[in-house]
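We begin with a single chain expressed as structure tokens, specifically the form predicted alone.
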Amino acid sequence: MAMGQRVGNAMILSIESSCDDSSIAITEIVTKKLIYHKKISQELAHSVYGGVVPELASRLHAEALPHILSECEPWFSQLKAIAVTNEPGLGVTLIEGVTMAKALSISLGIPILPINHLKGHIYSLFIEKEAIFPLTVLLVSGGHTQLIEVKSYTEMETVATTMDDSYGESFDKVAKMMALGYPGGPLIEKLAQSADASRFAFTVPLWQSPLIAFSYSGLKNQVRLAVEANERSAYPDIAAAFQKTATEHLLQKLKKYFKSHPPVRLAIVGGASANLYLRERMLELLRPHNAELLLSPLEYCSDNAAMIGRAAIEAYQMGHSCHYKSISVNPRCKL
């Protein structure tokens, strides 16, 4: 018997493979306790390409997921459902997780819980905790930048989204311009530390627009021109100016939104929410409103199966399970 196993307690096994992280978790349904969690990152394999290569990611999932699953066998008899990310994400990588979920559903005779990856990020706030709603959520990741009003697991309204690149994606692309590697977020943040963010004056996207929306393609082009016109010695200052401007864009749009929707609780989720500069600026933004800032632990900001398992508890209790034949992969699905 594996350490920490509790005989007789009902559990859910969750699988995450929406992009380049292979992850499996086991969560107790009643207590919400995270019993097991493991993630294998593919960052090194993709770093030489400056971004995720879908076909490579799929092959690496096919190797990593069975390896992780082999460690979960002691809990198989206590599983009541298999949860799996089936939307949104890369089609070829989502298939790897869903295929494993189907095989487990058939062999163990238990249903599948299809989980939206974005809902998983929201529930990363509540791993081993009770959920707190209503909540205004800023989701910032490599694929998404969204402002979401959340009332419950089933009541989520997206009020603003990006018109082109996402916040996290822009960090990855700027890092690629500077040949820093992948993922770009931590590399740009590190490079920007103690640099002069005022040396380069980038224009904040949509700063004159009344729209509550996000856009990073124009800023990305400004940075590209600065990179091409300067020596590598200027890269730290360019990175600092970019990070400042990219974050200021989020702040300006939230300020506009807060004029008509004063915040009570704001949560930042997604891989890019691990950026400490972003966290500090959001605290400053909320201070005049006396609003609470909710953040996921740094270990659960990026893609992981623990957040999928936490969301799956809600789905299980609402009876949202399905037969293995009816689950499908929806790469471009939204909330």
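Residue positions are given as counts along the sequence shown, with the first one as 1. Note that the coordinates shown come from a computational prediction; the quantities given were computed from them, not determined experimentally.
Beyond the structure shown, there is the form predicted together with a small molecule, which is absent from this document and is the topic of what follows.
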Can you tell me if residue 237 lies within 4.5 angstroms of the small molecule in the model of the complex, counting non-hydrogen atoms only?
no
Non-hydrogen atom contact residue 185 with the small molecule in the model of the complex at 4.5 angstroms:
yes
Please run the contact check for residue 141 against the small molecule in the model of the complex: heavy atoms, 4.5 angstroms, yes or no?
yes
For residue 26, is any heavy atom within 4.5 Å of the small molecule in the model of the complex, or not?
no
Contact with the small molecule in the model of the complex, heavy atom within 4.5 Å, among 165, 172, 87, 96 goes to 172
To test your reading of this chain, name the stretch in 114 to 122, 215 to 223, 129 to 137, 156 to 164 whose heavy atoms come within 4.5 Å of the small molecule in the model of the complex.
114 to 122
